[in-house]
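A lone chain, given as structure tokens: the form predicted on its own.
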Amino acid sequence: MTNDYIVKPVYKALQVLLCLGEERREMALSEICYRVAMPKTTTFRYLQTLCACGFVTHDPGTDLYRIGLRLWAIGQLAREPLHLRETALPAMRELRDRFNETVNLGILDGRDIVYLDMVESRRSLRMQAQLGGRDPVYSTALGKAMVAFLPEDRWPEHLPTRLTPRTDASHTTLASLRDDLRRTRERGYGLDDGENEEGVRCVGAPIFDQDGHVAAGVSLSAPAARMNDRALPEAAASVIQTALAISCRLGYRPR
């Protein structure tokens, strides 16, 4: 451990947790101590802390420890983005092939969107976000499409109290942004008209899970010259259709 920012007790407790996880069986305190090379008293305290959090369980009858269900639940959460990407990819490729423009898949994370996946245009001039990259909700078609379909009392969770314009086309007031979100909900898609990057137009639609909640968003990005006002209606309709197809594959059933 050479990183000065590492909290050593946390690191050591996680070594105890990893030991149990890698063995995939119940273990006695003495064996855990031997494998992690820590004193018995220290290891016992870490185990008790992990038990209190639900990450480890202890059987008083056998005095053995094993991985707890809380850790399994967290693992399931970690699998969700991977499942979403695998489910969305075929429909994203179809959308890319239809327009030969870049298709993005993103999720909400606070006031940002995070790009989970993308299928790039084959054109030399193409729009490209960075996998794992972030952009503000308020300046992106993906962000506006996802937030617009949340209850309005949840909008503040994803919008800053003050907007910092990304371009000359960006929203500068929350009032105008809220109006845009309501229009987005009415028409079924979000529009970034050069608001996040000059000269780029993007249209996005929400993806819903089996419970009807917003799970993600999909968007089509292109230079504004190619996604002009004449091309926009067809692009928007196709993005909505793609989002619906992905939603249905996730178990969503339209009303």
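For the two forms, the rigid core is made up of the largest set of C-alpha atoms that agree within 1.5 Å on superposition. Worth saying up front: this structure is predicted, and the values here are computed from it rather than measured. Don't overthink the numbering: it's just position in the shown sequence, from 1.
Just so it is clear, the following notes concern the form predicted in complex with the DNA, a form of the same protein that is not shown.
- At the 4.5 Å threshold, heavy atoms of F208 stay clear of the DNA in the model of the complex, well away from it.
- Proximity of Y65 to the DNA in the model of the complex falls within the 4.5 Å heavy atom cutoff.
- Using a 4.5 angstroms limit between non-hydrogen atoms, L29 touches the DNA in the model of the complex.
- In the model of the complex, P9 approaches the DNA with a heavy atom inside 4.5 Å.
- Though the DNA is absent from this view, in the model of the complex it lies within 4.5 Å of a heavy atom of just one residue from R70, R35, R45, R226, which is R45.
- Here the chain stands alone, but in the model of the complex its contact with the DNA, taken as any heavy atom within 4.5 Å, falls in 45 to 53 among 45 to 53, 185 to 193, 211 to 219, 198 to 206.
- Positional change of A224 between the shown form and the other one stays under 2 Å at the C-alpha, relative to the superposed core.
- Relative to the superposed rigid core, the position of the CA of T43 differs between the shown form and the other one by 2 Å or more.
- The rigid-core alignment places the CA of M27 2 Å or more apart between the shown form and the other one.
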